[in-house]
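Below, in structure tokens: the form predicted alone, a single chain.
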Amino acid sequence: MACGSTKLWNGEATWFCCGSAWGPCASAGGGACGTCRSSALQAAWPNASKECWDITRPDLCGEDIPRRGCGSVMKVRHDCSGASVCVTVSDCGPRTRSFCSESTCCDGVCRTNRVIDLTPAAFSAIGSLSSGTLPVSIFE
């Protein structure tokens, strides 16, 4: 999987469960793309389709997030540790409008608004699941 170095967006990342049970997840399901697995390095993006955009509405938080559909590859970098992970878009989310102005900071670096959900496998590659949210930069 090739990860890009062109900055796409900044914001908060959190984690979610999908697909086959793994680690803290006990749920099953394939997500909006039908391929989502909690044990894979995958993500949910709020503009994976028009229908997804209508649900997540990041524009209500002032975010004009570009559309990147199922199978798109992104690099997500924890803005404080510098750890990064390559993920594939496999679901729709987060519902950004539910978290407008929510902020996550570390070492004086803050990011606002949840803009990407990571599977537990992807999130734990760059941070602790117990932290819940991380300030991140996203590249393609």
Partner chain sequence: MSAYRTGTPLDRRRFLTTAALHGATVVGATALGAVDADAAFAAPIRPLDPAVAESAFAEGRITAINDDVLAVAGSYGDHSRVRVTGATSVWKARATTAADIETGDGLYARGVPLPDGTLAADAVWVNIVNLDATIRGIEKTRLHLAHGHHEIVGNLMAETTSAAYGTASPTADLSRLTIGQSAQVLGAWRPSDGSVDLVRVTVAPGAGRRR
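Residue numbers count along the first chain shown, from 1. Bear in mind the structure is a predicted one, so any value in this text is a computation, not a measurement.
This protein has a second form, the form predicted in complex with its partner chain, left out of what is shown; the following refers to that one.
Taken together, G11, I65 and G71 are entirely out of contact with its partner chain in the predicted complex: none brings a heavy atom within 4.5 Å. Although the partner is absent here, V89 is not a contact residue: none of its heavy atoms lies within 4.5 angstroms of its partner chain in the predicted complex. For S84, a non-hydrogen atom is located within 4.5 Å of its partner chain in the predicted complex, even though that partner is not displayed.
Using a 4.5 angstroms limit between non-hydrogen atoms, W53 is distant from its partner chain in the predicted complex. At least one heavy atom of L41 is located within 4.5 Å of its partner chain in the predicted complex. Looking at 86 to 112, the residues that come within 4.5 Å of its partner chain in the predicted complex, counting any heavy atom, are C86, R95, R97, S98, F99, C100, S101, E102, S103, C106, D107.
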